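One chain follows as structure tokens, the form predicted on its own.
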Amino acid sequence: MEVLLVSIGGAAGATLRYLVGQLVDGTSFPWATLVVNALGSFVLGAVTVGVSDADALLIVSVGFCGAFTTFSSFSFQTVSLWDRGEKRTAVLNAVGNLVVSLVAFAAAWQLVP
């Protein structure tokens, strides 16, 4: 049953991540990755504080957030930017993803009762 719950959340997260990638322009900077990581961090912070049901936590935290956020793509894009000589953009991407994601998580932590 737990695997099914994680799969349901994962399918929703992966689909939404794909749609965000289609909507957000990432030609000069990987904005879509930053957006999904920030939103996913906010959602994870909110459910961590606000949801006590174990099944809902599995669906949202492990399934949805696990598939929606993409720190592997963030790592790949940062290294690719660095290899192309766009070192300033690579550093901005690394720092931006870390700071924005932590702030989003902390904001949810504070906002959710």
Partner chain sequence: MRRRQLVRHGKAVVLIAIGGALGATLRHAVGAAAGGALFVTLTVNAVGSFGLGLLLFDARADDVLSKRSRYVLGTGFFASFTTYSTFVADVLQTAPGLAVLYVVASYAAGFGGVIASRTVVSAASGGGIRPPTSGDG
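Residue numbers count along the first chain shown, from 1. Note that the coordinates shown come from a computational prediction; the quantities given were computed from them, not determined experimentally.
There is another form of the same protein, the form predicted in complex with its partner chain; it is not shown, and what comes next is about it.
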Query raised in the report: Even though its partner chain is not shown here, does residue 94 get within 4.5 Å of it in the predicted bound form, heavy atoms only?
Result: yes
Query - 4.5 angstroms heavy atom contact with its partner chain in the predicted bound form for residue 83 - result: yes
Query - Non-hydrogen atom contact residue 79 with its partner chain in the predicted bound form at 4.5 angstroms - result: yes
Query raised in the report: Would residue 62 count as a contact of its partner chain in the predicted bound form, using a 4.5 angstroms cut-off between non-hydrogen atoms?
Result: yes
Query raised in the report: What are the residues of 31-57, in order along the chain, with a heavy atom within 4.5 Å of its partner chain in the predicted bound form?
Result: 37, 40, 41, 44, 48
